[in-house]
Ligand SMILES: Nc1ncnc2c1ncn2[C@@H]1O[C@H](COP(=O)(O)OP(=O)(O)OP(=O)(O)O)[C@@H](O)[C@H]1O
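The chain below stands alone, shown as structure tokens; this is the form predicted on its own.
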Amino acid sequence: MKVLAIGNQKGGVGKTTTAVHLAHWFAMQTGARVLIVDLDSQGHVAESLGLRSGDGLFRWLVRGDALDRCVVPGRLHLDVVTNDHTAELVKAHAQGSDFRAYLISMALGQAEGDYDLVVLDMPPSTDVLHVSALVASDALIVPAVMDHLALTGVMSIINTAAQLGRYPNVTPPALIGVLPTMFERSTSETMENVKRLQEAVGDFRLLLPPVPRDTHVREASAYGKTIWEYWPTSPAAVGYEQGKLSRNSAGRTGGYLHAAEIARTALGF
């Protein structure tokens, strides 16, 4: 079982949308049994999939209910641990735990054998659940919009992940890459921030092909669907028709398809 964290220490960067679309793609295209764990108190994972939000995370991590009693079926091969306002109670419980950094990794022991991939939709703040999610993860994708504040959040989470080696028996998650979301190639500010991000990360290969800005994503979410169900040939799904970077299986550059295929290779699926 692999655990993939989707996080940025700034909100509004497409984190939940990325988590949901990658998870659904893996369930559809690889046949993997996928679990999304919503660690963000806004509870938008459920809404994005047309499900009702709930206290699944609270019941699982605080009350100690069995995982199979806390998941909600979302799609074929895709289950969700929902979250709501009780996330603050989960955070308080974790903060008081003697093993708070390992809380999520210990709980995910119940997922072994039932799931092939767990996707963690991380909270944007640097709190106990944020750190515990990174400790539990094998790999990390950092969605980001190309503005100054978002880039600061990118470097913050990368640095936080790199420091996890101070915990006993913890290997920091492998950084698959930074994923530019809601990307607009036509603006000079965007391209300047791309250059700054490449310099800050230090390896251009860690800057993933971007997901274009696309109103179809918002429309799909409003209907409780992913882009794969609502408009699978849209730019956000399959990327740009022309690009100088590598191409995805649709012969285009970027989109959630490209990110998913890169993640698949990195995770060994």
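Just count from 1 along the sequence shown to find any residue number. Values in this document were obtained by computation on a predicted structure and should not be read as measured data.
A second form of this protein, the form predicted together with the ligand, is not displayed here; the remarks below concern that form.
- T16 belongs to the set of residues with a heavy atom inside 4.5 Å of the ligand in the model of the complex.
- At least one heavy atom of Q42 is located within 4.5 Å of the ligand in the model of the complex.
- Proximity of D55 to the ligand in the model of the complex falls outside the 4.5 Å heavy atom cutoff.
- Contact check for E47: every heavy atom lies farther than 4.5 Å from the ligand in the model of the complex.
- Residue M182 is the only one of A107, M182, L175, L197 with a heavy atom lying within 4.5 Å of the ligand in the model of the complex.
- Remark: of stretches 28-36, 56-64, 214-222, 201-209, the one touching the ligand in the model of the complex is 214-222 (heavy atom within 4.5 Å).
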